[in-house]
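Subsequent text provides structure tokens for two forms of one protein chain, presented individually as structure 1 and structure 2.
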Structure 1
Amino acid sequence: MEQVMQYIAANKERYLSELKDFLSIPSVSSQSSHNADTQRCAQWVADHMRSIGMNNVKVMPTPGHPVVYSEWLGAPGAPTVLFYGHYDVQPVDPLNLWDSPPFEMSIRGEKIFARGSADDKGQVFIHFKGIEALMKRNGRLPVNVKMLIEGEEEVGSANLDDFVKANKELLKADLVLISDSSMFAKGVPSICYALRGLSYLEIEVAGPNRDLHSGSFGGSVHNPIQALSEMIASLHDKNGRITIPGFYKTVRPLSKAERDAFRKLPFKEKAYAKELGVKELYGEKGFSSLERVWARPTLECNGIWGGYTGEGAKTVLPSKAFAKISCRLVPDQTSGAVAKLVEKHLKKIAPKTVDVKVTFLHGGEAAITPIDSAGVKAAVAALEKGFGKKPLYQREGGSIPIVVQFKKLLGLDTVLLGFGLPDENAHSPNEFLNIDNFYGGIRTSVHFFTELPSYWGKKAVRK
């Protein structure tokens, strides 16, 4: 291991030069004008995989942008890690807000600036270099590794499900490793072990058969906007708890160990409120803000409209009113079941003066990897060795759909080993990756692959 770490230290400048080449390719998956660039980037990834010692390297076509696959299966009896990442990036607009050209890597202070530096090229490249260091110094890896790097994550991975279904045998593994997320804060290495799911709905409240003159009809007809607003307002009680019967029935409670772990994070509620520009925080009584954001379900009104909203006045009593509702879900809730609960409740509480239609638009399930699992334990040990301090545990309030799909399609849990930062400007101008996290990530990658076999023990492995 000492020789491996010496190799990493000796090649720091070369790593930056190679990363610069990777980041220079404008692989914007959402813009057809960059299709050739995206294809070129896939080929760059394949060529680099070969250069670090990966085998069976393939650029595999899809109806959209290609998937790049490779493997190294020279560790019989050891676990097999499926590493997932993406080589496509977001558009760069507005260009005038960038302090340096988005596809010309620039290092300023402790930050590596470029589109894709954090999301996700830089984090993919971290593991390329971890694998390279092990191969160059030891001639082998301590685990089996399969790599799946796609080119459509930033446009919703429309073709990935079909690709995984068609290649289940090729992608057999014991766990998934993803580095496409952030640590809790600078200098605070952390491991994310859970994501919330989502149930997204649209509500339509219909009243009279046409828009009415509010002077001629106001006071005789229930305004759909008023009816909808009253219904939405009733969905939470005075303690911030959702009032829909059965909503919390399947919610998996936080363990004492998890709540204790959250308290160790450097988080101050007053500072959080100040940064958001609100006088006081709000949420379900009996839980901290981190617990409410990461481990409790929510119901939010994302938009509400109806009637006249243009310039000037139009005294109209609208025929219809609409709202969009999102429910963030936690284990063991399911998006379809929650959608049915919401629909049933809204129709029950709707006044007889209006008709209600609820449409389930889309959803996804929550994901969790137990903190006492072999993969998480190996990641924790690796982070401590890579960054020189014990990591903390965190969840994530948002969703990463591919994590759920890997569980559903391949039966695999995912270890989320992110090296970004919350303020890294992903999807925005001046995206960056912290340079200490870059090198610390490479060391952590080496340690993760090295530590995993000892934590995995004698579990059955698949290649």
Structure 2
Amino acid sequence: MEQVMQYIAANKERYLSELKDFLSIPSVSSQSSHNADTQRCAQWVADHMRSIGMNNVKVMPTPGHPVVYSEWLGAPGAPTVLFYGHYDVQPVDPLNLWDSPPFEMSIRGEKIFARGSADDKGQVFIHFKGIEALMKRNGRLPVNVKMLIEGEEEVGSANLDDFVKANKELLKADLVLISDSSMFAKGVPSICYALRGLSYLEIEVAGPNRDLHSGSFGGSVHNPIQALSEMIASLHDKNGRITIPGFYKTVRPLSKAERDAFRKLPFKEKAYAKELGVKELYGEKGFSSLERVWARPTLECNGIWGGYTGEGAKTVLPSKAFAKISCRLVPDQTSGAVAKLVEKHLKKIAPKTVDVKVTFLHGGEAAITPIDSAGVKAAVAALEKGFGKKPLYQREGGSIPIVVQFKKLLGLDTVLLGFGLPDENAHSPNEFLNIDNFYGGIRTSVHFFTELPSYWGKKAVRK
């Protein structure tokens, strides 16, 4: 182990230059103009997997962006870890708010800035380097490892279900490991045990058959932007609760024990508000911020547009207005059922003056993972060794749709071992990964793979 840790310390600079390469590829999955980059990124991942000693490396096509698979199966009798991550990233706009170009990695202070540094390329790379260190120093791994790095997580993993269904044998494993979430805070490592689900919709509100002069027609027709705004504003009541009938019907209530556990976490509402730059926090009455973000469903407007938004003034009464709406979901809501409820409600409240069209974009289900599994125990021990502190247990508000599917399709539980930070600007300008977490993550990766066999212990393992 000493030698493996020395290897990591001796290769710190090289790690950064390789990470820089990975982060320089603009693999934005939602924008087709980046399809060639996304393809190139898959190839980079495959080449890198080969360089760290993984076998049977394959770039596997899907109807969307490719999946990259590899394996190292030289530890018969030891458990098999399926490591999942994603090489795709979110769009970078608004570009002018970045302090350095999003695809040119820049280290300032203790932060590694670039799109994808935390979500998720940096965290995937952490395990590449953990595996590499073990392979280079010991010539083998303590466990069997399969890697599945996809290119469509940020757009809902739409093709991954079918991929998993078609490759059940190839993906056979004992547990899933994912590093695509955050620690509780800097210096406070954590194990995540729940993620929210998602239901994403787009609304089109159509009024007059063409844009109109707002002087000649204003006053005689319902402006679609106004109609849409009225509809959106009515979706929450004065207590911050969602007004859509049936929305909360299947929501699993928080237990007293869990609420007590949340309350004991080192979290200060005031400091949280200050860090976010908001004058006051907002949300569903009767719940704390952690409860609202981790364990209560929400409805957000992600974007709203229509009419003239260019420079200067243009007097126009637009023909159409649009909005993107997403709901974060908790057990036992389902993405499809919520989408139907939202659509039905929007159609019902639409004023007679306009036509409303609702399109479902994507979704995923909420997940709760066991915290007493051998995998989690190994992760706890690994974090303690890698970061010098016992981790705490937390939920997260974000979504990783495949977690539930891994359980459903492959029968596998997931260990969520996050190395990001809650303020790392994921999906926003100036995304970064903390450099101590980067190196601490690599050490933790080595410890996880090393600790796992002993925690797996007497459990039945696949040959």
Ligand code: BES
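Think of the rigid core as the biggest set of C-alphas that the two forms share within 1.5 Å after superposition. From a predicted model like this one, the values you see are computed outputs, not experimental measurements. FYI, numbering is relative to structure 1, first residue = 1.
Chemist: Of these two forms of the chain, identify the one that is the form predicted in complex with this ligand.
Modeler: That would be structure 2.
Chemist: Would you say whether G74 is displaced between the two structures, judging by a C-alpha shift of 2 Å or more on the superposed rigid core?
Modeler: Shift of 2 Å or more: no.
Chemist: Determine, after fitting the two forms on their core, whether P208 shows a C-alpha shift of 2 Å or more between the two structures.
Modeler: Yes.
Chemist: Any chance the CA of E152 moves 2 angstroms or more between the two structures, core superposed?
Modeler: For E152, whose C-alpha is compared between the two structures after core superposition, the shift is less than 2 Å.
Chemist: Taking the rigid core as fixed, quantify in angstrom how much the C-alpha of L265 shifts between the two structures.
Modeler: Reported C-alpha shift between the two structures: 2.5 Å at L265.
Chemist: What's the distance in angstrom the Cα of R328 travels between the two structures, core superposed?
Modeler: Its C-alpha shift, to one decimal, is 7.0 Å.
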